[in-house]
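Okay, so we've got the same protein chain twice, two forms, each given alone as C-alpha cells, structure 1 and structure 2.
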Structure 1
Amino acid sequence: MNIIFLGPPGSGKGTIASKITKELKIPHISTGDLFRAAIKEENDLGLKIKSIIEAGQLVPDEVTIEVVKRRLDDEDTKEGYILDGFPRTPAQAEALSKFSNIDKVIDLNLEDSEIIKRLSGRRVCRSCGNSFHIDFVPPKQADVCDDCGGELYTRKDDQIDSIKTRLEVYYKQTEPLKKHYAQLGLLCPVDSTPAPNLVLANVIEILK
C-alpha cells in the first residue's frame, strides 16, 4: 500500500507515520529526513536546502521530486511506502503520479495555536538526532539527551517566527492538495487533536 500523509507542520505526520510503518512493514519516507541527510553531507545541494528550510520556505519542486524519486527506486519500497512531507504542492503531486500510484491520503488536521505550542517546545539532540518536548516528552535533565547525553537545541525552523512562516506557506501552497486528492477519492481527513494513540487508532481503522 502506498500512502501519503498530509497536514501542517506539527500535526503529527512523522509520529503517526512512524508507527504505521511498523504495522504495515513498509518504509516511512520523510522528505525532512532526506533533506537533513543532504545537509549533513554539506555538499552544494545540502547547503542550498539548509538555507531554504531555515528561512521557513519550501525546497524547490525539481530538487524535492528528484530526491523522492530516487528514494522510491530503492528495493524496500516494492511492497509499499509512507510518504511524509511529499507532495506539498499540486505540481509535486502531478510529478509523483508519473512514477508511482497512491492508495490513500491521510490528512491530519490541527489548530494553528496547538501547532505553535507543539513545535516551539520541541528540542533535538545535536549528537543522535532524538527529539524531545518540554511539555509532552521532557528529557530527564534539561537540555541533555536521555540516550546519548548530547546537547538539546531548538531548530531554527521550530522558532515561532519561522513556524508562522511555515504555516503561511503551507496554507498557500499545500492546502490545494486536499481538493486534488478529494476529487480522486483518496483523501481521508483525521482530527490530530487527541492523544497520539487515539489518532493512530483512527488512522489504522481507515487503512483497513
Structure 2
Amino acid sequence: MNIIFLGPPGSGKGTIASKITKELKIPHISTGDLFRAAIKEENDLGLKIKSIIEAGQLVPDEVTIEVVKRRLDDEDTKEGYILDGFPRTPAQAEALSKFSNIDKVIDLNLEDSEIIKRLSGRRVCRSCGNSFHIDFVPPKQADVCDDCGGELYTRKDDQIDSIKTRLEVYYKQTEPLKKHYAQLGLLCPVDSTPAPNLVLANVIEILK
C-alpha cells in the first residue's frame, strides 16, 4: 500500500508514520529526514538546502521531486511505502502521480496553538533522530536521549519565527492538496489532538 501523510508541521506525521512503518513493514520516507541527513553529511544537496530549511521555507520543487523519485526507485518500496512530508505543493503532487500510484492519504489535523506548543517544545536526538518533548514526552535526563544517550537539541526550524513561516507556507502551498486528494476519493481526515496511541489506533483502523 502506498500512503501519504499530509498535515501541518507538528501534527504528528513523523511520530505516527514511524509506528505504522513497523506495523505494515513498508518503509517510512520522510523528505525532512532525507534533507536533514544531507545537511549532516554536508554533501552538495545539504549545502544547497541548509539555509532554506532553517528559515522554514520549502526546498525547490525540482530538487525535492528528484530526491523522492530516486528514493521510490529503491527495491524496498515495491510492497508499498509511507511518504511523510511529500508532496507539499501542487507541482509535487502532479509529479508524484506520474511516477507512482497512491492508495490513501492520511490527513492529520491540529489547531495552530497546539502545533506551536508541540514544535517549540520538541527536542531531537543528534545521534539517532528520536524525538522528545519537554512537557509531553520528557527524556529521563534533561537534554539526553533515553535510547542512545545522544545529545538532544532544538531544530533551528522549531524556533518560533521559523514555525510561523512553516505554518504560513503550509496554508498557502500544502493545504490546497487536501481538495485535490479529496476529489480523487483518497483523503482520510484524522484528528491529531488526542494522545499519539489513540491517533495511531484511528490510522490503523483506516488502513485496514
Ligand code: AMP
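Keep in mind it's a predicted model, so treat the numbers as computed, not measured. Residue 1 is the first residue of structure 1, and the numbers go on in sequence order from there. Throughout, rigid core stands for the largest set of C-alpha atoms superposing within 1.5 Å between the two forms.
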Between the two chains shown, which is the form predicted together with this ligand?
2
Rigid core superposed, CA of Cys128 - does it shift 2 Å or more between structure 1 and structure 2?
yes
